[in-house]
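Before any questions on how it binds or moves, here is one chain, the form predicted on its own, in C-alpha cells.
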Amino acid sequence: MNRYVRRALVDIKLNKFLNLLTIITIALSILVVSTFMLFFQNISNMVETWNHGGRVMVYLDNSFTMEMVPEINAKLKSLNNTKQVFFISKDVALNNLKKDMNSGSIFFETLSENPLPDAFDVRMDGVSSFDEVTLFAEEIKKIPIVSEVEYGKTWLEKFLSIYGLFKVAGWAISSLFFLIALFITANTVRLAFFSRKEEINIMHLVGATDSFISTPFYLEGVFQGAIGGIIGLIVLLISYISLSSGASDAVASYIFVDIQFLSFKYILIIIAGSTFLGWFGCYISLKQLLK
C-alpha cells in the first residue's frame, strides 16, 4: 500500500496545477453544498424548536391594572402546553427598550408617557406542531383583557413559504457544482493517465493487472476529494465565525433559536461525500481508459 501512496503523491507533485485546480473546484463545490446544509440545518432546528415549545407574547389593553396580574397569570397557567409565565410591566419593557437602543436617544426624552403595553411572556412546552401554537394563541385571545398575541406567526409563515423554494434551488445549485467538480476530477485523472501512457503500456506488457495500475490513481482522487472537502469546510467555518459573532445573537433573540454551525454528523457526511466525489471521478475516467 505504501508503494501506491508514494506513486499517487508523485503524480500529484508532477501535475501540481491540475491537482490544485481539482482541489479548488471540489472545495468550492463543498463550500456551496455545506452552506446550504448549514442554512437548512438551522431552519430545521428553528422549526423543531417551535414544534416542541415556543414563546408567546401576550399584550394587555389599557383597562389592565396591577390587581389583575394574579388572575391573568392563573388563566394563562391553566391552558394546555403552558410551561412558564412571566409578567412584564410597561415600565420594565420601556427600560429594556432603552437598554437595547443604548438609551441616550432624543426620542425617549420627547415621550410624555409610556406608549408600551403591559404584557405576559408565556413559554410553551409539549407542542407537536406549529398549528398547536396557533390554537394556543387563539385560546389566549379569548381572555377579555388581552389586546394582542404575538408569536412570530406572520414572519414565520412567510419564511416557511419560501423555504421549499430555497430547498429546490439549493439542490439544483449543489448538483451543478457536483457535476462540475466531477468533470474536472475525471479530466485531471485522464490527463495524468496519458502523461504516463508509455509507462502504463510497459506495465501491461510485463503482466501488470489493471488494479495494480489504477490503485495510485484512485488514491490520488481520494486525496483530492478529502483535501478539497476539508478546505471547503474550513472556509465555511471562518465565514460563519466572522458573520455570526454579532448577527447570531441579534437573530437568536428574535427567533429564539441559536444559530449553530454544522453538526459533527454533517461534517463527516460532507467529507465522506467529497472523498467519494474524488474517487468517483477517477472511476469514470479509468473505466473508459482501461478497457
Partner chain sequence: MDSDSSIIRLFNVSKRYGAKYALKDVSLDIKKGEFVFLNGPTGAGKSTLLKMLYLAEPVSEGQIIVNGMNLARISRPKLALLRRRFGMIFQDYKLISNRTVFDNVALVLEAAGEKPGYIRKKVMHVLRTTKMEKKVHSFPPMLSGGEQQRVAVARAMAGNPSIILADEPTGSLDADAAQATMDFIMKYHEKGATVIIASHDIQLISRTVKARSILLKEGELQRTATML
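Remember, it's a predicted structure, so these values are computed and weren't measured experimentally. Numbering follows the first chain given and starts at 1.
Another form exists, predicted in complex with the partner chain; not displayed. Remarks below refer to it.
Within this chain, residue 199 lines the site of the partner chain in the predicted complex, having a heavy atom no more than 4.5 Å away. Taking the partner from the other structure, the partner chain in the predicted complex has a heavy atom within 4.5 Å of a heavy atom of residue 14. Although the partner is absent here, residue 203 is a contact residue: one of its heavy atoms lies within 4.5 angstroms of the partner chain in the predicted complex. None of the heavy atoms of residue 176 is located within 4.5 Å of the partner chain in the predicted complex. Partner proximity in the predicted complex, defined as non-hydrogen atoms within 4.5 angstroms of the partner chain, places exactly one of 71-79, 167-175, 209-217, 85-93 at the interface: 209-217.
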